[in-house]
Each structure stands twice: as structure tokens, then as C-alpha cells.
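One chain is shown next in C-alpha cells, namely the form predicted alone.
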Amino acid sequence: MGSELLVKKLPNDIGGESAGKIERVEHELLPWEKRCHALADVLDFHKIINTEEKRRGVEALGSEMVGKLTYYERWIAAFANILFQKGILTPGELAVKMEEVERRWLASQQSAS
């Protein structure tokens, strides 16, 4: 068995692969992206999820998910999975909170019309 088979290639390990030119586009972060970044800072400050755990959490999503999700969507999915693993949050609790947020957003859209 060759040594290359002993090491699992991680989803973000694209070194040496053919790829097109990287287009760097600066853009203003959307409000939810800013909140996601702030959440990462809060989780790290309170020693709940550190940067290394976040990186491993994103890698654990697998190459298919990493390819489909945006940068901050990967963070959110990784945070959720890590919080589930640590027993800090359950999928049911997250679903309830997401429904609450969606109801508030829909109500705000209706009142803005």
C-alpha cells in the first residue's frame, strides 16, 4: 500500500489540483455574515468553540457540503454540529429557534409592506 493511501485528503486540501484563476472580489458582508463572525468571536471568547475546532468542524462537513455551502454557511453548519456533539444544543432546540426567527422575519416583512 502506498503512503498516499494512509492520509485522508481533507475537503479544503486542493493543493496541486488543477483549477481556474481565483477571482478575489471584495464585498460588504451581509448582516447575517457579520452576526456569524460575531458568534464565532463569542464562542471563542467563552471557550465553547475555538478556531481549531471550527476548522475541524468545517472539514468534517465533507467535500460535497464544503463545495455547496458558502464560507459563512460552512461556519454555521460546523458550529451547530460541534454544539450538538458537546451536548450544548440539540437539533430540536435549534429547529425551534430557527422557526421563531423565521416567524419574526416574516412578521417584519409584512409590517414593512
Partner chain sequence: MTDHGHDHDHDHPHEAITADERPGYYEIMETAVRELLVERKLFGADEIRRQIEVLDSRTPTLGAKVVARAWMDPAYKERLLENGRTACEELGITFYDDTQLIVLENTADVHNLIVCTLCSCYPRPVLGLPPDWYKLKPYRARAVHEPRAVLEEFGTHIPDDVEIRVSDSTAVIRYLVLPLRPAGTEALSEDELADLVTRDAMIGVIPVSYEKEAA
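Residue numbers count along the first chain shown, from 1. What you see is a predicted model; the values in this text were computed from it and never measured.
The next section is about a form of this same protein that is not shown, the form predicted in complex with the partner chain.
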{"property": "Non-hydrogen atom contact Ala107 with the partner chain in the model of the complex at 4.5 angstroms", "result": "no"}
{"property": "Leu43: touches the partner chain in the model of the complex, heavy atom cutoff 4.5 angstroms", "result": "yes"}
{"property": "Partner contact for Gly67 in the model of the complex: the partner chain, 4.5 angstroms, heavy atom", "result": "yes"}
{"property": "Any non-hydrogen atom of Ile82 within 4.5 angstroms of the partner chain in the model of the complex", "result": "no"}
